[in-house]
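So this one's two forms of a single chain, laid out as C-alpha coordinates and tagged structure 1 and structure 2.
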Structure 1
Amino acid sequence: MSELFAMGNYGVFVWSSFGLTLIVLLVCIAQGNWHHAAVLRDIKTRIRAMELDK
(Lines of atoms letter the chains of each structure in order from A and count residues from 1; the text may use other names and numbers.)
(Lines give C-alpha, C1' and ligand atoms only; values in the text may rest on other atoms or scores of the structure.)
Protein backbone atom coordinates (compact mmCIF):
# COMPACT_ATOMS: atom_id res chain seq x y z
CA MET A 1 0.00 0.00 0.00
CA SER A 2 2.84 2.41 0.77
CA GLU A 3 4.21 1.78 -2.73
CA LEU A 4 0.91 3.02 -4.14
CA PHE A 5 1.32 6.34 -2.32
CA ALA A 6 5.06 6.60 -3.02
CA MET A 7 4.68 5.89 -6.77
CA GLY A 8 8.37 5.41 -7.36
CA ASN A 9 9.38 8.53 -5.40
CA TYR A 10 7.04 10.67 -7.53
CA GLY A 11 4.12 10.37 -5.12
CA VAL A 12 4.48 13.90 -3.81
CA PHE A 13 4.09 15.34 -7.30
CA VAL A 14 1.30 12.98 -8.32
CA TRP A 15 -0.81 13.39 -5.18
CA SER A 16 -0.26 17.14 -4.99
CA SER A 17 -1.43 17.49 -8.60
CA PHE A 18 -4.52 15.39 -7.79
CA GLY A 19 -5.18 17.58 -4.75
CA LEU A 20 -4.73 20.81 -6.70
CA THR A 21 -7.05 19.53 -9.43
CA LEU A 22 -9.68 18.67 -6.83
CA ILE A 23 -9.41 22.12 -5.27
CA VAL A 24 -9.75 23.84 -8.67
CA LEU A 25 -12.80 21.75 -9.54
CA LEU A 26 -14.46 22.51 -6.21
CA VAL A 27 -13.80 26.25 -6.63
CA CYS A 28 -15.28 26.14 -10.15
CA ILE A 29 -18.40 24.36 -8.88
CA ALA A 30 -18.79 26.84 -6.01
CA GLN A 31 -18.37 29.86 -8.30
CA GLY A 32 -20.92 28.42 -10.71
CA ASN A 33 -23.41 27.94 -7.89
CA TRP A 34 -22.81 31.48 -6.59
CA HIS A 35 -23.23 32.96 -10.07
CA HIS A 36 -26.40 30.93 -10.67
CA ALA A 37 -27.88 32.15 -7.38
CA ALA A 38 -26.98 35.76 -8.24
CA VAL A 39 -28.67 35.49 -11.63
CA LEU A 40 -31.80 34.04 -10.05
CA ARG A 41 -31.89 36.89 -7.50
CA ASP A 42 -31.52 39.41 -10.32
CA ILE A 43 -34.36 37.80 -12.29
CA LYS A 44 -36.62 37.79 -9.24
CA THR A 45 -35.83 41.46 -8.58
CA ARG A 46 -36.62 42.39 -12.17
CA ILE A 47 -39.92 40.47 -12.09
CA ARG A 48 -40.94 42.22 -8.86
CA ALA A 49 -40.03 45.60 -10.38
CA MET A 50 -42.10 44.86 -13.48
CA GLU A 51 -45.08 43.83 -11.34
CA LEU A 52 -44.89 47.07 -9.35
CA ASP A 53 -44.87 49.14 -12.57
CA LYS A 54 -48.27 47.78 -13.63
Structure 2
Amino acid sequence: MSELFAMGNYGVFVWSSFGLTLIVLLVCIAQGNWHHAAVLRDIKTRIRAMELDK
Protein backbone atom coordinates (compact mmCIF):
# COMPACT_ATOMS: atom_id res chain seq x y z
CA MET A 1 0.00 0.00 0.00
CA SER A 2 2.74 2.43 0.96
CA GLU A 3 4.45 1.56 -2.32
CA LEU A 4 1.35 2.72 -4.14
CA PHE A 5 1.61 6.13 -2.48
CA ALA A 6 5.37 6.41 -2.92
CA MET A 7 4.91 6.70 -6.71
CA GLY A 8 8.37 5.33 -7.37
CA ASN A 9 10.11 8.01 -5.30
CA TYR A 10 8.21 10.76 -7.10
CA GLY A 11 5.47 10.72 -4.42
CA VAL A 12 6.29 14.15 -3.00
CA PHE A 13 5.98 15.78 -6.41
CA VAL A 14 2.88 13.93 -7.56
CA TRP A 15 0.95 14.34 -4.31
CA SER A 16 1.94 17.95 -3.82
CA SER A 17 0.75 18.90 -7.31
CA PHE A 18 -2.57 17.10 -6.82
CA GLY A 19 -2.92 18.69 -3.38
CA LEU A 20 -2.15 22.13 -4.77
CA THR A 21 -4.78 21.64 -7.47
CA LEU A 22 -7.35 20.75 -4.81
CA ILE A 23 -6.39 23.83 -2.78
CA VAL A 24 -6.64 26.15 -5.79
CA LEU A 25 -10.07 24.75 -6.70
CA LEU A 26 -11.29 25.18 -3.12
CA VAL A 27 -9.93 28.73 -3.00
CA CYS A 28 -11.71 29.51 -6.28
CA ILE A 29 -15.00 28.20 -4.88
CA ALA A 30 -14.57 29.99 -1.54
CA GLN A 31 -13.57 33.25 -3.18
CA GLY A 32 -16.60 33.13 -5.47
CA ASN A 33 -19.02 32.36 -2.62
CA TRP A 34 -17.50 34.99 -0.38
CA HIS A 35 -17.75 37.61 -3.10
CA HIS A 36 -21.37 36.68 -3.82
CA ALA A 37 -22.27 36.92 -0.14
CA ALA A 38 -20.55 40.30 0.13
CA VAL A 39 -22.53 41.70 -2.81
CA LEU A 40 -25.78 40.37 -1.35
CA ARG A 41 -24.95 41.90 2.04
CA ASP A 42 -24.25 45.22 0.34
CA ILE A 43 -27.59 45.21 -1.42
CA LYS A 44 -29.40 44.36 1.80
CA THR A 45 -27.83 47.28 3.66
CA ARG A 46 -28.79 49.55 0.78
CA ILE A 47 -32.40 48.39 0.92
CA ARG A 48 -32.54 48.84 4.71
CA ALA A 49 -31.11 52.35 4.37
CA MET A 50 -33.76 53.18 1.79
CA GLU A 51 -36.51 51.87 4.06
CA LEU A 52 -35.23 53.96 6.95
CA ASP A 53 -35.24 57.05 4.75
CA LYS A 54 -38.91 56.66 4.03
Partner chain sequence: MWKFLHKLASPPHFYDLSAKMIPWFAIIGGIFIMYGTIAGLFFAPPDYQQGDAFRIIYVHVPAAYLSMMAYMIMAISAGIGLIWRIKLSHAVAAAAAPLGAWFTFLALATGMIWGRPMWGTWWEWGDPRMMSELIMLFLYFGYMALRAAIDDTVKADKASAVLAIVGAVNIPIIHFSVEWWNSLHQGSTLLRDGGPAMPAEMLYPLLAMIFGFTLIFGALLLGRVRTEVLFRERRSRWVRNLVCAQEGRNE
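Just so we're on the same page, rigid core means the largest C-alpha set that superposes within 1.5 Å between forms. The model shown is predicted, which means the values in this text are computed figures rather than measured ones. Residue indices: 1-based, along structure 1.
The chain as displayed in structure 1 is taken from the form predicted alone. With the core held fixed between structures 1 and 2, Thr45 has its Cα displaced by under 2 Å.
For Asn33, a C-alpha deviation below 2 angstroms is recorded between structures 1 and 2 after rigid-core alignment. Lined up on the core, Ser16 has its CA atom moved by 2.6 Å between structures 1 and 2.
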